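Form predicted on its own, single chain, as structure tokens, below.
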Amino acid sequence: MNTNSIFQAAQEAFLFYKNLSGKEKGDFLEKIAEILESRREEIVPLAVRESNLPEGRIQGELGRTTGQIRLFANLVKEGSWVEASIDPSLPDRSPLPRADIRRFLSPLGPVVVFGASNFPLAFSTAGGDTISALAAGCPVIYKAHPAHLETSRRVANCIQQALIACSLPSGLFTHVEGGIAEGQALVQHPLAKAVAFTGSQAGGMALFQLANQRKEPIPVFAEMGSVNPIFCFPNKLSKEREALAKAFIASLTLGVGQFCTNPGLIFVPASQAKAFEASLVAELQGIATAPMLHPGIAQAYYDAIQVMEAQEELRWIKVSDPKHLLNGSTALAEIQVADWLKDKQFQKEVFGAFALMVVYQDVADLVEVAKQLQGQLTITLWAEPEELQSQLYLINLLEEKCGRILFKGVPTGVEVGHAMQHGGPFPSTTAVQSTSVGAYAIKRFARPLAFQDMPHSLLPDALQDHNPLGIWRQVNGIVTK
């Protein structure tokens, strides 16, 4: 791997690509989606074989991938995402005239993207990080995940086909293979301007530290997982115990627990604990083991379970069964809230279908939990409306600990749209102000740039007086078209 030549090509591509219109960028993204769809029959079987995921899941994931590509294509074609703001000159202002100042979001430059192990398509080669960076105007140097190399190569080829079809420079997207050393070299290259990562906390923090040790530190947008706690309130649980148990087990075991939004903690009132446990056990009877993504992840899961099994505070409701190492077996344990509060290890994510049922006595316990809870991608509240009305202080605390707070349903199932927030306070991510899912993800890869007294003929279209793009802008503090 010649890192210098990769980044030189990316930088040259950037200087050309960043000045293309939103329509041209959008057409390129749509071409990627079109080619991916046309090669569905060859991509899906590859991804199934490499990931151990069922065909239906991969078919759906490819649909999600092309859907989010088209979301960003539409976003850049419309154009208002650049947040154009104009303060026209006031030459006659007293005591001092005001200069003409115009500001918008401009792409950062070459972005290093690391593929995720648990999404061979939607969070990988042509996944959300890659596509949002390309949409922003940034070239991508993509570090393939070794768990699904063939799939990654095939998808990379689709992107390269789209580059050719749109007459764009090949340096706009580069597919890189290798291990830790190759990934480190990409992050350390002086032309790299940002890093995107989805994976473990250890991996995300290693990249974060590496990026901050550079002469020119760069942002690392690392999504590192979460235990996504669910808080159950007595009235809700007494009315819907069986339905909620069913929903919890389905969410816990979805994808063999290999989503970043699987719930790994559920807080249950002591008055309902025995009955709810019985409902959980009944639901678990119908859950069969299934293959995990690869043996390494399965081994890590069972190693983590062993650590948990050594903790005296836990009472096991369902013990894991590692007879077939690749298969992920659901595990569920109970702990009293006082014991949970004493040790931060009970907040650590176990990547797989494992959860702790934490038994609490009253809302005062939940307030203490909220104060000690680490940053999460999601927090879910199962409560009746009247129960919520009396818990505004608790809700206020929980809002500070997550990126998305749910009042119905389960945290799994992340909608790809304009309002989605998939990111939260540390340690769920390294950048609490960002999201890795949804339209807002594009803003990770752009920076504010202001032009002062620039000749109007040189201004970007988004900042010209006659607004040729027809986008929403702020002029003199007023949002207008």
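Bear in mind that the values here come from a model prediction, so they are computed numbers and not experimental data. One-based numbering along the sequence shown.
One more form of this protein should be noted, the form predicted together with a further copy of the same chain, which is absent from this view; the next part is about it.
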| property | result |
| --- | --- |
| Contact stretch among 408-416, 49-57, 23-31, 36-44 - heavy atom within 4.5 Å of a further copy of the same chain in the model of the complex | 408-416 |
| Heavy atom of Gly67 within 4.5 Å of a further copy of the same chain in the model of the complex | no |
| Heavy atom of Asn212 within 4.5 Å of a further copy of the same chain in the model of the complex | yes |
| Pro146 within 4.5 Å of a further copy of the same chain in the model of the complex, heavy atoms | no |
| Trp316, heavy atom within 4.5 angstroms of a further copy of the same chain in the model of the complex | no |
| In the model of the complex, the one of Asp362, Asp321, Glu240, Glu400 near a further copy of the same chain [non-hydrogen atom within 4.5 angstroms] | Glu400 |
| One residue of Asp339, Glu150, Glu83, Glu182 in contact with a further copy of the same chain, assessed in the model of the complex (non-hydrogen atom, 4.5 angstroms) | Glu83 |
| Partner contacts for 446-480, taking a further copy of the same chain in the model of the complex and a 4.5 Å heavy atom cut-off | Ala446, Arg447, Pro448, Leu449, Ala450, Phe451, Gln452, Asp453, Met454, Pro455, Ser457, Leu458, Trp472, Gln474, Asn476, Gly477, Val479 |
